[in-house]
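Given as structure tokens, the chain that follows is alone and in the form predicted alone.
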Amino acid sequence: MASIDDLDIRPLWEGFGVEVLGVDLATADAATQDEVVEVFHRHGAMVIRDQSLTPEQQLTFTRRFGEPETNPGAQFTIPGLQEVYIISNKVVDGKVIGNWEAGQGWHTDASYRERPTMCTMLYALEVPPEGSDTLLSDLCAAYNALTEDEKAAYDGLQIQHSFRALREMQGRKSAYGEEDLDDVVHPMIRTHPADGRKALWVSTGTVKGVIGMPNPEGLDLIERLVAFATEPRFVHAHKWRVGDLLIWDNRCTLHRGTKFDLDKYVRHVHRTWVKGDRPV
């Protein structure tokens, strides 16, 4: 049975995240996979390179983290596997086979749900030679960089998240059948269940304001805190290679994609999500 000490890991970036070396997830036993999961919960993000995974194998590994989320946008899922979502600008038989727009703007996945997505897993099948980086912001480091007065001021504040607000901002109706989701309220300072570390849990897109604070004051505060949390000192840029499996913890990170030349290059990745708990 593997132990954490047996895993070959190294820091991903300045104390944030880890890269796991020498593990083939297609053949690794359940005990090794579970040790990988345990390491993940304490580091915010993880990359495992040089993988060769079928959608079924990716989903099997995803289940080691918890219950996979289904994707209501079934037109962009693997046939028979609604939990495996296709993010791609690849054209097959005259049709784009995935959602190439996914991942724009700083956000944390499904913060508009009562139980936001716990972790997101992206597996790269085709990547552009330039552009299309995934940026990850370490919200625990951002929290730790606040002054004691700021920590005291933000502790106890709550943010109103809205799926309807997200779609209004995007100027379209839901493609996912979630128009009727009620707004939810989550804490601005979130505590991680693995070890109690705190994160400045702010986001964009889904946010309508701060409970008990009038707008624009509430939205202005969120805007300032997102700008703070995404300063270069808190952000890691993942440079993609084919075979990369990148996993990030939505409980303590923000993320966004970067642009690439859609006319010259293809980006084709498979995404899986794991259901999370209600933030505290």
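When you see a residue number, it is the position in the sequence shown, counting from 1. Source: prediction; values computed, not measured.
Only in words, not in the display: the form predicted together with succinic acid (SIN), which the text now covers.
- From the list 48-56, 224-232, 208-216, 249-257, the contact stretch for succinic acid (SIN) in the predicted bound form under a 4.5 Å heavy atom rule is 249-257.
- This chain lacks the partner; the member of G103, P128, G73, G98 within 4.5 angstroms of succinic acid (SIN) in the predicted bound form by a non-hydrogen atom is G103.
- Checking R164, R113, H107, R197 against succinic acid (SIN) in the predicted bound form, a heavy atom within 4.5 Å turns up for just one residue: H107.
- Among residues of the shown chain, H268 is not one whose heavy atoms approach succinic acid (SIN) to within 4.5 Å in the predicted bound form.
- Contact annotation for L122: at least one heavy atom lies within 4.5 Å of succinic acid (SIN) in the predicted bound form.
- In the predicted bound form, succinic acid (SIN) sits within 4.5 Å of a heavy atom of T134.
- Proximity of L181 to succinic acid (SIN) in the predicted bound form: non-hydrogen atoms within 4.5 Å are absent; the residue sits far from the partner.
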